[in-house]
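Just one chain is shown here, as structure tokens, and it is the form predicted on its own.
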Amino acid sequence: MVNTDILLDVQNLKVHFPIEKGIIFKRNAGWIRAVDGVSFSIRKGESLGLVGESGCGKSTTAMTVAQLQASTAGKVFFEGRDLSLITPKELRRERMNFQIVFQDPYSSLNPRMRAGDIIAEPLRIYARKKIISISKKEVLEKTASLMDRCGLPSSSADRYPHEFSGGQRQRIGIARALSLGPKMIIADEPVSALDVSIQSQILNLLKDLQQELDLTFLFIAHDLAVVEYFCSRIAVMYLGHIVETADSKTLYNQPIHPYTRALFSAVPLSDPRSARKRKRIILEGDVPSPSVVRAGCPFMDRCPDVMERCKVETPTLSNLDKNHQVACFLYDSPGKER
């Protein structure tokens, strides 16, 4: 029976990139396992944060969910529909339901197009392909409405991207993503390229839009403070794998995977006394190359609690309780102390 509350369901997703050697006669010398068996689901109206170090596979996961990157294996279901089994024409129509806000507002906007045209472009393309029916007047009216909703003066519709600040450019990108009335927004590091003073404004805008439009979010970030503020649930990635998921409050108050504990111990605290009392966990060694095929837990080389079992078996996400899952053999036995 399909759970109608689940909007997005990702099952055992893998994305491997070939390593090619040779100038004239190229040959495959291996694979970069950017995403290596990721599974998660997002309920309607929820905001799931995907966090981890740079290079762990967060953005690749986001691009694959958005169908902008082909997967090597696994399934992506949107409202119970397998996106890998539909035709390109059907996918084009389905994409109206999930849109993406990119990380860099400087490179994600066409510098030769005016702001109003950038926001209206999806509407015009879908009208031209006869997927939606909308008049030129309605396009202009909706563009003006989106600009107003995203905090942009309608008088700036004729200005080019270079005439806007970074925060205003990201507002243009958000307005463009909303133009087709999506049910889900995939936000790939939407505030990391902005000044700290502007980040809170964009996050508040996204929160207001979520409540107003009943939006669902897949929110990619490396700033844990941003994720704590915006997301209701968090999934932690390491080397192409998800190692722990829980609701935001639980994960910040009680991280249990050794990698999650180390990651969250680096979050700055506003209270100096609490910061001095907290023990900082420093991981030794470097993140292994995703091109190396290895048995065992992906975190075993840096884990302070590594066991012999970790070197030969790969842990899978298991339930600690209804809303908390972890992939670690330390918690494999029922009733194990946390």
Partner chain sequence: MEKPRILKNGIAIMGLVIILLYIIMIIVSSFWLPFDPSEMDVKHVLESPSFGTGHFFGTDEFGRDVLSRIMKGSSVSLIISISATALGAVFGIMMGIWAGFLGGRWDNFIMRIADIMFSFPSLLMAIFVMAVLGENTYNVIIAIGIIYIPQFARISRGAILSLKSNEFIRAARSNGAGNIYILFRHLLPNSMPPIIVQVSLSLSVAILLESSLSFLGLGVQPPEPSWGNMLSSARKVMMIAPWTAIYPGLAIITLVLGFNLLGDGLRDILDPRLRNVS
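Owing to the predicted nature of the structure, the values given are computational and were not obtained by experimental measurement. Positions refer to the first chain, counted from 1.
Separately, the form predicted together with its partner chain exists; it is not shown, and the next lines address it.
- Judged by heavy atoms within 4.5 Å of its partner chain in the model of the complex, the contact stretch among the candidates 76 to 84, 156 to 164, 138 to 146, 212 to 220 is 156 to 164.
- Every residue in the set Gln99, Pro122 and Tyr126 has a non-hydrogen atom no more than 4.5 Å from its partner chain in the model of the complex.
- Of the heavy atoms in Arg176, some are within 4.5 Å of its partner chain in the model of the complex.
- The closest heavy atom approach of Ala29 to its partner chain in the model of the complex falls outside 4.5 Å.
- In the model of the complex, at least one heavy atom of Ser108 sits within 4.5 Å of its partner chain.
- Its partner chain in the model of the complex is approached by Asp117, whose closest heavy atom lies within 4.5 angstroms of it.
- Exactly one listed residue, out of Cys310, Met63, Cys303, Ile42, brings a non-hydrogen atom to within 4.5 Å of its partner chain in the model of the complex: Met63.
- The single contact residue among Leu180, Leu152, Met184, Met237, judged by any heavy atom lying within 4.5 Å of its partner chain in the model of the complex, is Leu180.
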